[in-house]
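Shown below, as structure tokens, is a lone chain in the form predicted alone; questions about how it binds or moves come after it.
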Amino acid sequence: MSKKLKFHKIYDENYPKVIRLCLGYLSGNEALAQDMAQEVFIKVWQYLEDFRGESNISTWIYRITVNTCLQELRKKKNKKLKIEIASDETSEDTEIENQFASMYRCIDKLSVENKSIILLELEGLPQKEIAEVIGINHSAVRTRIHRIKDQLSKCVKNE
């Protein structure tokens, strides 16, 4: 399979996961998340031939995504990202958007590592793979996820 065909297959299979992960890191800012997803896949293209296959390709892409988003957050550290809610939405849509905004604000309050863990968990990545991406053992990931969920529940209730 040519590099181009292989890349297209990888892109098609992983783009939805990458964009959701970027949205989580970037407080739901769709434009910035799309830019970051594009950056991720530029890096995937550049380094695809260097991928050694020691882990799943999706795990490698998650790691690139996490690092790319964290780099962007460091650049934008002093700027607040805003979630725009269109004024012509129905009240039900607005309520759902407000709930997502609240969750993103609570996720933003987590430490960098905990934020990575919960976003990967929300993405449906198996906990063993989360442990591999983050670089901690599986039992620590399970414990952290439980604590993070408790923390987020309390935060959202207080919003």
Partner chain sequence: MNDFQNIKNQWQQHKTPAANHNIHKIIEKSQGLKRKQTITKVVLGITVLILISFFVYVSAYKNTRAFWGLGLMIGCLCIRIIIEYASGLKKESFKLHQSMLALNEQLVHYYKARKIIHYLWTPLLFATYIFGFVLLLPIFKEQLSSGFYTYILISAILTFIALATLIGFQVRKELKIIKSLQ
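Only a predicted model underlies this, so the values are computations on that prediction, with no experimental measurement involved. Numbering follows the first chain given and starts at 1.
The following text describes the form predicted in complex with the partner chain, which does not appear among the structures shown.
Engineer: Do residue 149 and the partner chain share at least one heavy atom pair within 4.5 Å in the model of the complex?
Structural biologist: Looking in the model of the complex, residue contacts with the partner chain include residue 149, since a heavy atom lies within 4.5 Å.
Engineer: Taking heavy atoms only, is residue 67 within 4.5 angstroms of the partner chain in the model of the complex?
Structural biologist: Judged by the heavy-atom cut-off of 4.5 Å, residue 67 is in contact with the partner chain in the model of the complex.
Engineer: Hey, in the model of the complex, is residue 142 touching the partner chain, heavy atoms inside 4.5 Å?
Structural biologist: It does not: once the partner chain is placed as it appears in the model of the complex, residue 142 has no heavy atom within 4.5 Å of it.
Engineer: Within a 4.5 Å heavy atom cut-off, is residue 57 in contact with the partner chain in the model of the complex?
Structural biologist: Contact with the partner chain, no.
Engineer: Sequence order please: the residues of 99-136 with a heavy atom within 4.5 Å of the partner chain in the model of the complex.
Structural biologist: Stretch hits, in order: 99, 100, 103, 104, 107, 113, 116, 118, 119, 121, 122, 123, 124, 132, 133, 134, 135, 136.
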